[in-house]
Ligand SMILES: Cc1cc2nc3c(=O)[nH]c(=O)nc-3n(C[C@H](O)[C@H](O)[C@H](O)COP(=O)(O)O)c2cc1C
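Just one chain follows, in the form predicted alone, and it is written as structure tokens.
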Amino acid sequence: MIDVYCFSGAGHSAEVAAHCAERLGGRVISIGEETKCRGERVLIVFPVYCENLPPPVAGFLRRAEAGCAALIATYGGMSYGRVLYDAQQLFPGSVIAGAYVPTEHSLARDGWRFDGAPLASLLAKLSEGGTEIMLPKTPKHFFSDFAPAWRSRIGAKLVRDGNCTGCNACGAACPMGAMQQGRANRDCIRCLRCVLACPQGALSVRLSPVLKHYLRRRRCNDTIVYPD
């Protein structure tokens, strides 16, 4: 049994984690502020945000106590930067496999369906154990480290409509503590967990013209597994 640790906002990484956990016979454990990563071998699944690691994932990796891990970074068909490399630098144990997995883009909602078949070799290596690998330092856009959370907030505005009852389910769901009764502060990373959590469907996202244009680019649909 190998547990799968997962951070997911809009649900796409959770879908990948559930697929892997079923095949590994383990649990899906949600990554939160206090989550501890323990075990001889673990799988860690997380999304790429603006070619960067989500802040909760970076903190989780730093405090991990697992012996070795495989890392899966999900991305919405755009650029994944060098997120796997960055994750390996933070993880104290050994990394024996990694993968970039395309999913539907959480903002574009383009209908792309996750295909788990290419992950068979990664799951087999994790199940059997293996030697440490060095994940490649893939290209990263030179603007990607410039205020990624701010760029997300500028490009995608959270809109609260009149259906909001002030129940604050969004605040309870927010991994950054950035939501309060449908309003986001500057710590919001636009993971969209709040949109899914709202029982009244009172939250939606309005995209800027610049981001809409960016999302019309041709998708990259490649699953890349290390080692291949």
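Note that the coordinates shown come from a computational prediction; the quantities given were computed from them, not determined experimentally. Here the rigid core means the biggest group of C-alpha atoms that line up within 1.5 Å when the two forms are laid on top of each other. Numbers follow the displayed sequence, beginning with 1.
Another form exists, predicted together with this ligand; not displayed. Remarks below refer to it.
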Candidate site 9, 74 and 77: all three near this ligand in the predicted complex by heavy atom within 4.5 Å: yes
So which of 78 to 86, 132 to 140, 118 to 126, 92 to 100 is the stretch with heavy atoms within 4.5 Å of this ligand in the predicted complex? 78 to 86
Using heavy atoms and a 4.5 Å limit, would one call residue 49 a contact residue for this ligand in the predicted complex? yes
Give a yes/no on whether residue 190 approaches this ligand to within 4.5 Å in the predicted complex, heavy atoms considered. yes
Does residue 107 reach this ligand in the predicted complex, with heavy atoms at most 4.5 Å apart? yes
Once you line up the core, how about residue 206: does its CA shift reach 2 Å between the shown form and the other one? no
Quick one: once the rigid core is lined up, does residue 219 have its C-alpha move by 2 Å or more between the shown form and the other one? yes
